[in-house]
Each structure stands twice: as structure tokens, then as C-alpha cells.
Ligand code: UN1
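Presented as C-alpha cells, the chain that follows is alone, the form predicted alone.
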């Protein structure tokens, strides 16, 4: 962007001097955009605009608010290919996945349009005559949100579609890895008819930047509700700040997601599912596979099939439709992955992959497509065997193209291993035994689980979120998310013309308790 934008709020654009650059991770010579870091004062201004806009926005009828969401969905759909190309270029996701990312936002808009006519309360019978009781959903206020860059269109839609629909105003700090995507997504929202001030974007970094200033805004009284997608460490901090202010944030955090393969599983299906779970988006999903838990009876056959499929994987240019995955999102994510390899893999482990670390011209991947791998942040797929519950790698989210292999003798042991990391986001089991399916879905601690499917993948009408170190129990998507963005209000309307006291002035009829059947 030529204007070095730091704050976008409808027709209001503010700039700054301290800049950061979005770079194509598949080709670091390609500068996508340059933005400016928003200052603390600019974050405050955005929150003040949101506070002012809330007074009128909350009074807009919910079906009318939903109409704007419908317009947004249609605009995203009409710009789907352009947005998808931008997502792929800015954060390195394969183009096919980028189209899915954008489609998720379209689906979310389509789902919630009708919820604008279903923000139901209830008419409740009173225990006294000439008195009516009601319940209403009320918007919370100013919603502050920090999102990650691995799903730069889908995840923001999970937050902002229901937040706006319910009558809240929003201030968003998107990832510095995808600012141009965030800019155009916001422009489409305002083109959909959103009034000025209802939605603002503050660009820049997290720590010591607008992300930190936005979190501080909870203490300063700028923010009434907070949402965060990212690391467990930062999520804990946000939870502490919100807790001190008697707020309950939406926290969608990391995972060490287990996949169990039992001895009766379809191994062809399970090996394909494991590769996708582990290496889709280069393992940079909160729902990516962390611990692959194999039954002893199928372990060796499964690994033989898995490694054969892994060797055939194509890596490289995100625009190439044949690739399994492309680059890491940024140099930071690549370096984090390389540090995990160095720190977490010990002599007791066995690397099933002979090439690990960064893909280069001198150390190439056999099935590479595209220009030189030296141009981007590309990493080999890594599978770590002989992992035990005592190992740090067992319970550490690695967020890259790497997962562990463990062994179980039965389903009880598999469930213990699956639940033992402290995370509880996503999970999966491959089995054809109904009793095993039933036991698994009853005993797994994860907020989401799949049967004979991968650990990744979400649908707009299902609740998304985790437990333990994966989140605070809040859920996104589906009708369940409405509880995150509304407060229940109960109203009693007494038309009797006199003071009626609950529990005291009731007309309950007494029974003759002395009566006995002869």
C-alpha cells in the first residue's frame, strides 16, 4: 500500500511512519505490501469510534444488520478468486486451500443471515397474575480481536459475522503476515453498507504494538469483549487481563492433536488422512496432527504405506495444483520450526524422514515444483518415531510440517495417550468397530473429533473450539457462538397496578396432605 496505512475505519484512513512489510513467503523478492504500525493513540481512537458507533448500531434491527452480512458474503463471493490469489501470495497457502479459506467466509455469511431473524428470546409464564416475563439477547459492546495469519479470511469471519450480527462494534488487529488480505476484506465489508466507525482495523505487530495496546484497552475500559486466535502463552495473558475485568474472552488456541489408528482401520484411508492432517498448510494449522498413535498390530504396515505416500508428495509453488504444501507463512515460522527440530528431537527418537529442515537447491526435495527453493521459506516434512509421554515433544505444539509416532496396545491406552498432552482441540480415530467409536467420542477430551477423517477441517454450522490448553471452552461458528456475543436480559412487566412480591404474593393452591386413600 502506498499510503502506509495504520488505521482503517470506514471512510477514515490514518497513516503512520514506522512500517512493516508483507513478503511473499514463496518468493521473498516479491513485496506484497507495506503498512504502518498503529500507535497507542490510534488504537484508542479506533475504540472510541467503536464506542460512539455502538449507540446507534445496536438499535439497527437485527434483520437489517443481517442484510449487511448477506451483502458482505456476496461481495466476498464475487471477489473469491482475487482474494484467494492474494491469500496464496501473501501467506503461502496452496491456491486450492486458499479458495477453501475464502469459501469458509462465504459459508459463514450465508449461515448467519437467517440468524438475524432468529435472535430469539422467550416469553416466560409468570407465577403471578397480570405480569409478563421476557428474555432478550443484548449486544455486549466494543469487541476487540487479534487473529492469526494462517486463515486470514475464514477465521476473521468466524468472529466478526456473529459479532456484528448481534449488534456489537469491532476493532481488529489482524496478523502482520497478511495485512493486505485484511485490508481488502475490510473494504468489502464497508462496501456492503456498514456504517462508519462500526468496524476498524489497526495494523501492525502484537507485542509492543497495536496488539498489545488493544489488550491493554481491556484494562483501560475501551473493550467490552475480546477474541484471540493464536498461541496458548498469549491466550493465557489475555485470559488473565480479561479475568481481572470480569470479562470472558473467546480464546482459540493451539493444539497437539491426536490421531489414533486401530487394528481394524482402513489403512489406505488412514494413511491419506494422516498425511493431510500433518502436512496440509505445511502443518501450520491449530488442528494439525501432533501425535499419531498406532495400534501395535498395524504399526509396521501402516508406516510402510505412509512413507511410500510421503515420498510421492509434491512440495513447492503454491500456484501449482499438484502440491501438498508450499512455504512456511514467514521467516519467523520457518525459524521456529528449525528450532523445534534442534531442541525437541533427541537421541532417543528416530527420524523416519532422511531429509529434515529447510529445503534448498543444495538439499532439494525430490518432487519439487517451481523456481528455486532458496527463494522462499520451504521445509521438509518430518516424522519423529519412538516418542513417549515423558518427552517434551509429546506435549509441545510444533506448528510446522512435523508430527510424532506413538504406539498403543488397545483403545484404553490410545485414549490415555491422546488426552495426556493437556491440549484438547481436535482429534481423530480410524476404526470400523462401533463400540470403539462410541468409547472414543465419549472419553476423548477434545472439543472436536472425527471418525475415519482427518484432524483438520471445519464447517460453518458446527461449533469450533477446544478445552484445556487449547482454549477456555468458548466456541466459534454455528448457533452456539451467539452466546459469546450477547448477554441475556430478563424483563418482568407488572400490569397489576400494585406491588407484587415474587415468592411471597403468589397464589399457589395448598393440597390436603392429610388425605389418605382408604
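Given the structure is predicted, the values throughout are model-derived calculations rather than measurements. Numbering follows the first chain given and starts at 1.
Only in words, not in the display: the form predicted together with the ligand, which the text now covers.
For the ligand in the model of the complex, the listed stretch (282-290, 321-329, 410-418, 260-268) containing residues with heavy atoms inside 4.5 Å is 282-290. Heavy atoms of residue 34 never reach within 4.5 Å of the ligand in the model of the complex, leaving it off the interface.
In the model of the complex, the ligand sits within 4.5 Å of a heavy atom belonging to residue 150. Although the partner is absent from this view, residue 62 stays clear of the ligand in the model of the complex, with no non-hydrogen atom inside 4.5 angstroms.
In the model of the complex, the ligand lies farther than 4.5 Å from every heavy atom of residue 485. Only one of 115, 104, 375, 224 comes within 4.5 Å of the ligand in the model of the complex through a heavy atom, and that residue is 104. Of the listed positions (456, 472, 70, 39), a single one reaches within 4.5 angstroms of the ligand by any non-hydrogen atom in the model of the complex, namely 456. The partner is not shown here, but in the model of the complex the stretch 235-268 reaches within 4.5 angstroms of the ligand through a heavy atom at 252 alone.
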